[in-house]
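First, one chain by itself in structure tokens, the form predicted on its own.
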Amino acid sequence: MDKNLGEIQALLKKYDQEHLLNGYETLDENKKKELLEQIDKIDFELIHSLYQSTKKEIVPSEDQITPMEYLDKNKLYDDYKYYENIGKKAIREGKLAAVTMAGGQGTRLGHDGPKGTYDIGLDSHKSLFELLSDSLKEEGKKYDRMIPWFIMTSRENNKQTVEFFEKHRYFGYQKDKNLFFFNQGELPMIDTEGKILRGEDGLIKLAADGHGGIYEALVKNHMVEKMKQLGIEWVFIGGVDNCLVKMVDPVLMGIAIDKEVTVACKSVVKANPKEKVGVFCKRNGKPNVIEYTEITDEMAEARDEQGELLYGESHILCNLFNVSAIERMGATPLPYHKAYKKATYIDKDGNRIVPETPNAYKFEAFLFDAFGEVDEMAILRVKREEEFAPVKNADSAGVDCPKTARKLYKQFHHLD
């Protein structure tokens, strides 16, 4: 930390955030040091602008939205082998790595720990992390390669995650050789008056900056540098909660290489026109994902001459990037989107506030907001039952839950 207590006090006064030092004298020396370091790292101008954005009304977009072309993996026919061979060659040459975004906790699943340590209820009782590692290793054997694996954790779960891997002998990987951990970025939460919140531990209440923070996190934590040292040119980025994620896909890689694009993404067709998912599109001529809240009923129902939905390709967080694209995207901050959440915190008078309704803002960047940085990208439609079995909700929700994921996993691997 570069600033002393006096400088920190002056900084907080300038931005009307003096409450952050209330009770400072009651903290132990380590907490005092950590709090001052946290405050020193805050971009107060950014926080102020984000607060101002919460008061602005959402203006209907005037962007021109048009459908986006895609390839159907199951209808490539003769081209399938062509793309597959291109991808296989690149993988065999060690040009592919996998990144798993695993910064979340399993709270919504009733699980006390990182989501990746969750057991979805298979007879093997394997965690999501182990299911993903099994898939990576199995694919790697086909190419006589141990596919390098980069795992993005959070401040909240990094220690538990690393200890979990250590306990399981890193599932056959070697830490800092072909297995790397790095932390996701965070931003302070604020109340409805723009005041930065303090947690019950006396420190700044931070929240993860969303999956859009992946690019900056890879660059800032020197993971891109590590990838270059390993000779990696392509990186698959996916979430930890999809137990059927296919991180090593020579067809997807082959398409990206053949079409000379730096981003290639997988999609699944919407279950129905009104499914609440983001879908691929062109926004003002550039690749993008449009949120379901932006899609009109007319757009949702529109179909092409073959009867396919014009806006039917769901973004499933299965994306392949050239390292150069990650580097470029990580150099430019993405816009932040506000989320109104419930947050327990300590107010300026030292009272513990436990809300029954949302009372605070967190800010997240979306990974797909960076797609506009490229002129073209490739979309590959895959079968939902073969590659998309997310575990997001408790079984009571009935969708994207352990029960549905378990069923899809067993069917795909013929375990029934």
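Don't overthink the numbering: it's just position in the shown sequence, from 1. None of the values given here were measured: they were computed from a predicted structure.
Form predicted in complex with a small molecule: not shown, discussed below.
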- Heavy atom within 4.5 Å of the small molecule in the predicted complex - residue from 99, 265, 218, 240: 240
- Query: Pick from 210, 287, 140, 250: which has a non-hydrogen atom within 4.5 Å of the small molecule in the predicted complex?
  - Reply: 210
- Message: Given a 4.5 Å cut-off on heavy atoms, tell me which of 298-306, 196-204, 142-150, 101-109 is the interface stretch with the small molecule in the predicted complex.
- Response: 101-109
- Task: State yes only if every one of 19, 41 and 347 has a non-hydrogen atom within 4.5 Å of the small molecule in the predicted complex; otherwise state no.
- Result: no
- Message: in the predicted complex, does residue 115 come within 4.5 Å of the small molecule, counting heavy atoms only?
- Response: yes
- Query: Does the small molecule get within 4.5 angstroms of any non-hydrogen atom of residue 317 in the predicted complex?
  - Reply: yes
- Message: in the predicted complex, is there a heavy atom of the small molecule that lies within 4.5 Å of any heavy atom of residue 386, even though the partner is absent here?
- Response: no
- Task: Would you check, heavy atoms only and a 4.5 Å threshold, whether residue 341 touches the small molecule in the predicted complex?
- Result: yes
